[in-house]
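The chain that follows stands alone, in the form predicted alone, written as structure tokens.
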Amino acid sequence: MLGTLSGLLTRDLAIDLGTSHTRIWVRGRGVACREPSFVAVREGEEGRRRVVAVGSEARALQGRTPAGVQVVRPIREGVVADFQATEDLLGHLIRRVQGGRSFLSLRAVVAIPFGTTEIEKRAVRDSAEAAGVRHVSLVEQPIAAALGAGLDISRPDGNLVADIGGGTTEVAVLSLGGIVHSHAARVGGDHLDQALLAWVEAHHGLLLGSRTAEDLRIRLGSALPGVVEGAVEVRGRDVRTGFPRAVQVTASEIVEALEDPLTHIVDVLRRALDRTPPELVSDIVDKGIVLTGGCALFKGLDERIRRVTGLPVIVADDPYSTVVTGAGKVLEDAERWAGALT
């Protein structure tokens, strides 16, 4: 009876606190929430802040807010950059997935980048606890990504996972339930958008908003020439006159604009492979590279990696949710993966 009552009063969550999106997995329900990592706040008297909107509603306000309202991205390149905004984001989303029900105890496993410092870990723990989570455990993202992609990393075989998100690209070689080697760089979807913004300004003399750049990347962007054809009209502010203006941007221009960050992403993979023990490389030759993260679906990226490395490249079935799903698997079988938790 007490065990049943305890189960009713406790809710288990897995959280992927990402630069671009925050995802929450709930035991028994799966991925219950996927929202942009944005918080809109209004500055009040004596430095007090009031939350105006969270998630997709806050993201929609970006570049459109009146004086006194600020849109904040609390996670930057995989780490907590704004503690209060992170607490606001998590608190709002956790209450949403609870659906109005109250639980005496919330337990959560939060995915963090490999190599996260103790100070950064403390910031994640503090943010989750301030949002109402009583028991917080951390799991490294490469382990969660591999499990979420359905890989068996418990065997003494080499597995290579590349998690390409909004703020970072993390490549890890895993074996025997742990990380043999990991190499990460601060490059991801946000950096592709920044490259597009800089390109359009330099070649067309037009200032675009970040939302416009993201839409342009999604609609017409690719990692290789010829994968996408066509052009799209974008509108922005003329650098010289300050007046609104529209220009046509072609798919071939976007490929050129994104060359540097895409090369950087592939170089992260190359460096990880260079540092992988030969015995595990032979396994990776057979199994290939598994891509996770939102940018895994970027058109032509898998083929570009395949051409450079000569290895098979597999995109996970649901790359957006791979990390949070894997963190949920750790939560469901905590005894087996106790060594992966911190």
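Just so it is clear, the model here is predicted, and its values are computed rather than measured. When you see a residue number, it is the position in the sequence shown, counting from 1.
Another form exists, predicted together with a small molecule; not displayed. Remarks below refer to it.
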In the model of the complex, Lys121 touching the small molecule (heavy atom, 4.5 Å): no
Proximity of Glu214 to the small molecule in the model of the complex, heavy atoms at 4.5 Å: yes
Is Ile218 part of the interface with the small molecule in the model of the complex - any heavy atom within 4.5 Å? yes
Heavy atom to heavy atom, is Gly189 within 4.5 Å of the small molecule in the model of the complex? yes
By the heavy atom within 4.5 Å rule, which residue out of Gly236, Gly91, Pro261, Gly167 makes contact with the small molecule in the model of the complex? Gly167
Per-stretch contact check against the small molecule in the model of the complex, the hit in 62-70, 283-291, 24-32, 296-304 (non-hydrogen atom, 4.5 angstroms): 296-304
